[in-house]
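Just the one chain here, laid out as structure tokens, in the form predicted alone.
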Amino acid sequence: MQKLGLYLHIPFCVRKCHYCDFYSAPSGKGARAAYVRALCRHLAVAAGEVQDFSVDTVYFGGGTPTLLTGAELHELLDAVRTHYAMEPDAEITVECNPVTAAEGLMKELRTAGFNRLSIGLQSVHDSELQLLGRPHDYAAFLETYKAARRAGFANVSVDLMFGIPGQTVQSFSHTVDTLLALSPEHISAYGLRIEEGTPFYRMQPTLTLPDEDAEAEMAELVAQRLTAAGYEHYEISNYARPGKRSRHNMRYWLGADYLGFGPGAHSYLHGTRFETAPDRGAYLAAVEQGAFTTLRQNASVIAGKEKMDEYVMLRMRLFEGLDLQDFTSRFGITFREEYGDVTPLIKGGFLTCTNGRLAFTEGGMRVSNAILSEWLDFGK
């Protein structure tokens, strides 16, 4: 059978972090219960068109999925199991904010069948967490992390951020070393990006951000420390113990099929990408009325030059890069014919070409956006 990933968007938050541009909002108990019912119904209806798929990854993201009760999360996962063919070893991830995940909930999640936890930390310094608008302190994170371990989670991912207002190379170094002492299976380390429409976007004139040199030093520092500690730097912003890559996120980078559920969710199925509008009220109304086709908006068949460019962009995010023979087999043209001679970039230390695979070096990854922008035009 073909393999499929499922993404369930839980659009609830304690409060909006200053940098966040994902669709989410506060809500009451009744609104959350109504949303769970709608998701379950949507899952049931959508299953009809993917009967020839088996599900090997399920990802509950947000927002803050752990604002739902253990029983509600269990109900959603049961709906997946009821309507989809689940692989026995499926990776089932739930994102977690430290202020929402008490020890009892951790045990309920494990009992329900969740086997991977992704915890948003960002920094071990409370002053930096406050600047980010995070609703927790480091002590709350540590309590959540230890509760997850006691509950039996053997696959835990932790998010870090660098480039935070007021952050220094020294403070970030302390964050990395403190997290390494806990030895999570997976670490995501992202540079802060200020997106339009976020509180940080409005606050820009007052923000004291690290300069470009400091941010570059932080990116280099985290790569060196984590790889030295035995983590595999497998994607631009992601590090994993052997065998602990995010299988769900890998399907995005490899162009595999996935279905997204909930307002703001995206999907890619049978070569077509589509999305659901980020409007919880409209989503609930559409499900109530059985108007499921209206939930698929901005559908676009990914083909031709766009598909080729997307293949290159996504594969080159991975440190394994892309297989040049596979590229030619897929698109009927060599990489060099389409994108030019990369020998100068190899000689400059930005790319490697080994055993027929083209990939960025560590240094190349840090300037990959500039290189990719020279190659790609996405059909325009």
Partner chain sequence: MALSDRQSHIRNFSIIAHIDHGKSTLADRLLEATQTVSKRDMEEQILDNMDLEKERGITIKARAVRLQYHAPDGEDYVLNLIDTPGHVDFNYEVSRSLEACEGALLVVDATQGIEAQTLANAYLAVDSGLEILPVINKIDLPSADIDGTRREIEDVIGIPAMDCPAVSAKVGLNIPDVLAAVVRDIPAPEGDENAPLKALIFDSYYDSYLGVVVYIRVVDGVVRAGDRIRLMSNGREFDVVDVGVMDAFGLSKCGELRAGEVGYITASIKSVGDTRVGDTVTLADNTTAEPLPGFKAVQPMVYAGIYPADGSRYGDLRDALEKLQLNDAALSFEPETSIALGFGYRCGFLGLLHMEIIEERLEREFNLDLITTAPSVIYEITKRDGEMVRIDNPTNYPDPAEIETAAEPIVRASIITPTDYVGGLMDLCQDRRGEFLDMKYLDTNRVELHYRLPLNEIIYDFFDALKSRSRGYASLDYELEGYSDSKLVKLDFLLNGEQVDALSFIVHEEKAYGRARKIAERLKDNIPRQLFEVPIQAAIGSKIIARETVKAMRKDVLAKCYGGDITRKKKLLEKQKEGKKKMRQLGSVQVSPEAFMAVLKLEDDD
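Numbering follows the first chain given and starts at 1. Since the structure is predicted, the reported quantities are computational estimates derived from the model, not experimental observations.
The form predicted in complex with the partner chain exists for this protein as well; it is not shown, and the discussion that follows is about that form.
This chain is displayed without the partner chain, yet in the predicted bound form the stretch 342-350 from 326-334, 342-350, 31-39, 44-52 comes within 4.5 Å of it by heavy atoms.
Contact with the partner chain in the predicted bound form, judged by any heavy atom within 4.5 Å, is made by just one of Phe162, Tyr239, Phe141, Tyr283: Phe162. In terms of contact with the partner chain in the predicted bound form, the residue from Arg273, Arg202, Arg149, Arg81 that brings a heavy atom within 4.5 Å is Arg273.
Here the marked residues Leu129, Phe153 and Glu232 all miss the partner chain in the predicted bound form; none has a heavy atom within 4.5 angstroms. Contact between Ala112 and the partner chain in the predicted bound form is not found at the 4.5 Å heavy atom cutoff. At least one heavy atom of Glu215 is located within 4.5 Å of the partner chain in the predicted bound form. Although the partner is absent here, Ala277 is not a contact residue: none of its heavy atoms lies within 4.5 angstroms of the partner chain in the predicted bound form. Shown alone here, Arg315 lies farther than 4.5 Å from the partner chain in the predicted bound form, counting heavy atoms only. Residues Tyr190, Gly191, Arg193, Glu195 are the ones in 170-195 with at least one heavy atom within 4.5 Å of the partner chain in the predicted bound form, listed in sequence order.
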